[in-house]
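In structure tokens, one chain follows: the form predicted on its own.
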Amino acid sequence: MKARIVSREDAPKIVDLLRERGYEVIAPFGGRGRDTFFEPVTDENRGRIQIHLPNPDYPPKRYVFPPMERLLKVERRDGELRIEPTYDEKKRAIFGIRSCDVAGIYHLDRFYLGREFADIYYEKHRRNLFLVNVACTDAEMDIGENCFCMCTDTGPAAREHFDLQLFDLGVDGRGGELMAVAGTEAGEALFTSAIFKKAARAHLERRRVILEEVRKRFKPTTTSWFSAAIQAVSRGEIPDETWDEIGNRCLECGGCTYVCPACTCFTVTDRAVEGEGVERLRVWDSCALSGFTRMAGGFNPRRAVHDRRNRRFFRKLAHYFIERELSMACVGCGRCVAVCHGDVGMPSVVEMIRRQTAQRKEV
């Protein structure tokens, strides 16, 4: 990987370079308090771009895997039935995507493109996506109470799967220089701009020191037991009472799946469109919802909520899926913790598994 140095003042010019190359640039913007959100960059809001902001609760995966997407339309013309696929091939760049969300998109890549069949709709989104990762180095702004990327080995600075990475070389985000690291040829192509200067060995050493210090700033959590939870889930050693407790806490709202950067589930539905015939839509779905496993005849093999919670965490943590997709379906972003009213986000579940299995072994 090649590295260059860019001044903090020139960082927004990277957005300009991408827009000049035909990309619609998406960036996180600040709202009230710690509220942040991803939004397309325009001439009007360009001046509000910031390097360090709390990570938005709604993940940027929607730009590669939309919550609702038309797959095709069916029309009857001149007595003939015509089926036309609908593709979105817009060039997009996400500026300021965090390392956990980079890992989330990589997991989607493995699921939709990494096996014998490729999803053509996802592929067209992904082929035109440029990722500018910003490493989490500001302990006050970047690292939230619920962040646990250290436990999933996805942060605070991504090591791969980005096109360009920006790393603040200042103290707690108050420096004057950023290190830009190219992860792909497309990222390296930006280095022809005069805003990038050569990096020295001192810059690399500074990066290493900052990373070591930032890793100490994460809140200690019980998610350090992740590996033990993976073993227990993979071996089927979770007591039934643990799943019952998790199920009793779950409100079946689906919030955890809708904010998860690594969830892949969807359903397909058809609807009539006035003047256009019928369109087929792909819509996000959630394993927390009671109808998720309901079959055509009405039978539901996972009617009980604890059965669906069982399935969710087996899918996230079981060795079978990690081996199949080469990545775990949890990236440590902490969004499930923030939205869950029943306190069954991933850290809590890992702790419950650790506690229950430990008690069982002591008996």
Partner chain sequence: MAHQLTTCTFCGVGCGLYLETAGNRIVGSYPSVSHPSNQGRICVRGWHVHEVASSPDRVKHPCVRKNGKLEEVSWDEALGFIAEKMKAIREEYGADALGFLNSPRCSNEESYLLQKFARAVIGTNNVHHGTGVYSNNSINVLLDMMGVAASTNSIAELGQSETIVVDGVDLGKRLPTIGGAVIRAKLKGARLIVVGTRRHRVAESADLFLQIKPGTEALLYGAMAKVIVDRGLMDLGFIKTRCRDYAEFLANIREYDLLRVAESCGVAASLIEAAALAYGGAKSATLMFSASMEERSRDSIRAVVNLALLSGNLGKPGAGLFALTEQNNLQGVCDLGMLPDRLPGYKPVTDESARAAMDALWKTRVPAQPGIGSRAMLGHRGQGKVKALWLSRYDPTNTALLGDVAGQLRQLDLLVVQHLFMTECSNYAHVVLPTTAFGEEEVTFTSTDRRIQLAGQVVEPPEGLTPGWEQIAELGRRMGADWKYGAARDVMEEIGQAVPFYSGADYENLARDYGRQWPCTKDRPLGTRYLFGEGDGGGEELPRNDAERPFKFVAVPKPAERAANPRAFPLTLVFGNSLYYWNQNVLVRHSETLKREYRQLMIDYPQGFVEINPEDAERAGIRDGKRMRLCAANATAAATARITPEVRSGTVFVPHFMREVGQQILGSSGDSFRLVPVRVEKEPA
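Residue numbers count along the first chain shown, from 1. The structure presented is a predicted model; accordingly, all values stated were derived computationally and were not measured.
From this point on, the text means the form predicted together with its partner chain, which you will not see here.
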Is it true that 60, 177 and 196 each have at least one non-hydrogen atom within 4.5 Å of its partner chain in the predicted bound form? no
Hey, in the predicted bound form, does residue 251 get a heavy atom within 4.5 angstroms of its partner chain? yes
Even though the partner isn't displayed, in the predicted bound form is residue 183 close enough to its partner chain, meaning a heavy atom within 4.5 Å? no
Going by a heavy atom distance of 4.5 Å, is residue 259 a contact of its partner chain in the predicted bound form? yes
Answer with yes or no whether residue 300 is in contact with its partner chain in the predicted bound form, where contact means some heavy atom within 4.5 Å. yes
Within 4.5 Å, heavy atoms only, which of 343, 351, 16, 10 is in contact with its partner chain in the predicted bound form? 343
Considering non-hydrogen atoms and a 4.5 Å limit, which listed residue (292, 226, 130, 167) is close to its partner chain in the predicted bound form? 292
Exactly one stretch in 136 to 144, 270 to 278, 151 to 159, 204 to 212 has heavy atoms within 4.5 Å of its partner chain in the predicted bound form; which is it? 270 to 278
